[in-house]
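Below sits a lone chain in structure tokens, taken as the form predicted alone.
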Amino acid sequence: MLKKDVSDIVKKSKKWGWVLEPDAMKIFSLNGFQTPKYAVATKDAEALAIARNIGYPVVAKIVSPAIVHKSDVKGVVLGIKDDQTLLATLARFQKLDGFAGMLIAEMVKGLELIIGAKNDLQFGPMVLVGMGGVGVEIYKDVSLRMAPIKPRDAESMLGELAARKLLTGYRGSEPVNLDKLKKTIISFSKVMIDLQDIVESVDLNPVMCNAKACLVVDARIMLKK
């Protein structure tokens, strides 16, 4: 059964057919997932207060019901280090179609992974795990299973990745917390089962994993028509 807060978010999002990122992040936060610190601003004073509270550097992202793919409009700016750059970014975003705010979030470090799912008419939610970030469609290094995902499924999915050595620390790089990663995959599959009657697909890309945690850095939820 869906939490009331989640149901309320879904109801208000139906007119767009998808869930705006701040609301999608809230859905996963309500379900126990870790996220970076973030908040949404529409005005200069709000943006400055949020960035200073989080601490530079920060990430800024466009929030608009008219823009599903933020990268297409240069709607993601990483590594903002000062007030001037932050306000210039807000001013540019305010001119974009359907501007509803600018999400400001802390910068987090780690290995970029993707955890996603699509609802199959025959099998229900099919969960995908792979190497994430902007190169996900190029490398196509993913593994797929039917929900619900059990611990042994999560382990075997990670073992199937061509870049699996990156998870355990390749050439001196920091290994990720595999226990946290597996728990994140399992929890994600449970959320997909709860949402399967109302969502078409969900993408968490990237999920940023390091030695301490796995954080949902970006979330997109497409609703069924």
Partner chain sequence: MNLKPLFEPKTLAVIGVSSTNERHPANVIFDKNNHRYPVDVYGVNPKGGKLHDAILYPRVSDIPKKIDLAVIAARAEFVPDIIAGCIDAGVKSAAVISGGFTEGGRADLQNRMVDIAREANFPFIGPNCLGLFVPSRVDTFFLPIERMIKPTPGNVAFISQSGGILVDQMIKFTQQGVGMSKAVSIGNKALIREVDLLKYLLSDPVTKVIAFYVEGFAEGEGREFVQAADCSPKPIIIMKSGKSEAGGRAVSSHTASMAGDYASFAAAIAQHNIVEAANEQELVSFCEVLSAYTKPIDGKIGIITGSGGHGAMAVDASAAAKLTIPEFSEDLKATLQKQLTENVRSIASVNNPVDLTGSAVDDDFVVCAKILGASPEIDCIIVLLLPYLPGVTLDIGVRLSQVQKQFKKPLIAYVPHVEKYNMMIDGFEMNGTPVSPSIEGAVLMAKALMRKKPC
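Nothing here was measured: the structure is a model prediction, and the numbers come from that model. Residue numbers count along the first chain shown, from 1.
Same protein, other form: the form predicted together with its partner chain, not shown, and the subject of what follows.
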**Request:** Report yes if any heavy atom of residue 202 sits within 4.5 Å of a heavy atom of its partner chain in the model of the complex; otherwise report no.
**Result:** yes
**Message:** Under a 4.5 Å heavy atom criterion, is residue 111 part of the interface with its partner chain in the model of the complex?
**Reply:** no
**Prompt:** Within a 4.5 Å heavy atom cut-off, is residue 144 in contact with its partner chain in the model of the complex?
**Reply:** yes
**Prompt:** Does the 4.5 Å heavy atom contact test between residue 86 and its partner chain in the model of the complex come out positive?
**Reply:** no
**Message:** The chain here is shown without its partner chain. Which stretch in 101-109, 88-96, 73-81, 146-154 comes within 4.5 angstroms of it in the model of the complex, by heavy atom distance?
**Reply:** 146-154
**Message:** Where, within 205-225, is there a heavy atom within 4.5 Å of its partner chain in the model of the complex? Residue list please.
**Reply:** 205, 220, 222
